[in-house]
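First, one chain by itself in structure tokens, the form predicted on its own.
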Amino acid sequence: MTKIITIGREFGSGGREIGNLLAKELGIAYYDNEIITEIAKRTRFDEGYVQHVMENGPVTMGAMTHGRTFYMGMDPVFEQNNVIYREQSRLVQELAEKSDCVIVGRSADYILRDKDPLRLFIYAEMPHKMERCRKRAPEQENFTDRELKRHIQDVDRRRGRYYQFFTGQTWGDKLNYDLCINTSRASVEEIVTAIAKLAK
């Protein structure tokens, strides 16, 4: 039986670290930023642009004018967003068919819903997320507490907008996941051990 685990996560919750360690613990493939790199190759968009679209959500179709006529026209940027999502969906399905794997983000829980994956959502309380971000921040990053909190909220808001736009579902809603885990309550190692037992 194929083992597929998808991980949605709040920014600063440790979801990426959990996914990586879990894949190692189970001896299966791990996919995260590799998906962005491959989409860039397939679409010939710049990798930074692909990442920007995935992190900032879609640009919606805007109103256009022609002379004095007001109408809705296809925005080329909007179409590029759709191209990226379609390729993301195709690639995620290919990876899941290729081997057992852990996939972080990329709306994988929704894209692979017919394959019955173990769908995890990782979250944490704000002080915990801020502390985690501080530990992993580059030296030149000097956010105040207020700025860092706003940054975390902005990232999560954009993730939610992207997820909802393409899936029609609410990001982080417990009904979309099999297990929601608060990383403020246990160490990453303890959480990975528990998930691995559940997944085996």
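Each residue number is its position in the shown sequence, starting from 1. Worth saying up front: this structure is predicted, and the values here are computed from it rather than measured.
The form predicted in complex with a further copy of the same chain exists for this protein as well; it is not shown, and the discussion that follows is about that form.
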Can you tell me if Ile191 lies within 4.5 angstroms of a further copy of the same chain in the model of the complex, counting non-hydrogen atoms only? yes
Going by a heavy atom distance of 4.5 Å, is Pro117 a contact of a further copy of the same chain in the model of the complex? yes
Does Arg134 reach a further copy of the same chain in the model of the complex if we count a contact as any heavy atom within 4.5 Å? no
At the 4.5 Å heavy atom threshold, is Ile181 in contact with a further copy of the same chain in the model of the complex? yes
Would you mind picking out the stretch of 31-39, 166-174, 150-158, 46-54 that comes within 4.5 angstroms of a further copy of the same chain in the model of the complex, counting non-hydrogen atoms? 166-174
Go through Ala124, Val104, Cys101, Ile111 and name the one with a heavy atom inside 4.5 Å of a further copy of the same chain in the model of the complex. Ala124
